[in-house]
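Okay, so here's just one chain, in structure tokens, the form predicted alone.
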């Protein structure tokens, strides 16, 4: 019963996320609107559930960017809080730190995880030239409350995800609209992002999973698109399913961005029909 209650909270909480991001960016207006993307649920710059090859801020060559993010989700008997800090330099390097707290209101207590991230742009540019922007990154995750993950079969309380991302924008794409696409290949052992530990009784080796985002700008301020994220399946007590969402983003200025989405996570810890809403509000100054 405790596991089922936890699973329900994880499923609902990761479906509905409301994030408030307050950014301080030391940069000029060189980057185009929305090319700084937003902040993913693991603290790295990108989409909602997928890290992108882009760096987190609007900082250009020779400039520094600092992004502070506060995230909160509150659904029924579940609360998820995430705070993260990003430093970017030269449109080349991104360093991030995130803290996740999953409150288990029904059974009491919570789960906590720290995530340390590094991303480096290798080559290319999101907008200019023919080559896509190419980046490599890692996310080192440390589960601070390992009792429940261990009880369901997790093998480790910490793990490191490695990923490669490629992103490209087309200013005059199909339908005479601007399009943006990102593909990420991730090596991971994480169960439900690491909130249920790393590795399991079923599999304790790295899995290579694909993640992708595709968006179309209706105009320069409105973006519609989809995301898809494959997941490893390490625990025998319940199958872990892939995630997907359909989103709408509004970028009125470089200071404000609002994203809402419909998310389908299939089944979480044996509980089916895990669908719902996601919202993200980002404020830059």
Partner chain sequence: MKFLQMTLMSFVLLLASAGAHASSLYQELGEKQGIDDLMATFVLEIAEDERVIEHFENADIDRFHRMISLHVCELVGGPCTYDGANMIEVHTGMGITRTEFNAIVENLINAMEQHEIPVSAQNQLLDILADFHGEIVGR
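Positions refer to the first chain, counted from 1. These figures come from a predicted structure and were not determined experimentally.
The protein also exists as the form predicted together with its partner chain; that form is not presented, and the subsequent description refers to it.
Novice: 171, 138, 122, 95: which sits within 4.5 Å of its partner chain in the predicted bound form by any heavy atom?
Specialist: It is 171 that has a heavy atom within 4.5 Å of the partner.
Novice: Among 79, 155, 178, 160, which has at least one heavy atom within 4.5 Å of its partner chain in the predicted bound form?
Specialist: Flagged contact: 178.
Novice: Thinking of its partner chain in the predicted bound form, which stretch from 232 to 240, 256 to 264, 59 to 67, 43 to 51 has heavy atoms inside 4.5 Å of it?
Specialist: Result of the contact check: 59 to 67.
Novice: If we define contact as a non-hydrogen atom of the residue within 4.5 angstroms of the partner, is residue 218 a contact of its partner chain in the predicted bound form?
Specialist: Looking in the predicted bound form, residue contacts with its partner chain include residue 218, since a heavy atom lies within 4.5 Å.
Novice: Heavy atoms within 4.5 Å of its partner chain in the predicted bound form: does residue 224 have any?
Specialist: Because no heavy atom of residue 224 falls inside 4.5 Å of its partner chain in the predicted bound form, the answer is no.
Novice: With the partner left out of view, is residue 164 within 4.5 angstroms of its partner chain in the predicted bound form by any non-hydrogen atom?
Specialist: Close contact is absent here: in the predicted bound form, residue 164 is far from its partner chain, nothing within 4.5 Å, heavy atoms only.
Novice: Heavy atom to heavy atom, is residue 246 within 4.5 Å of its partner chain in the predicted bound form?
Specialist: No - in the predicted bound form, heavy atoms of residue 246 and its partner chain never come within 4.5 Å of each other.
Novice: Thinking of 100, 146 and 193 as one candidate spot, does its partner chain come within 4.5 Å of a heavy atom in every one of them in the predicted bound form?
Specialist: No, the whole trio is out of contact, none within 4.5 Å by any heavy atom.
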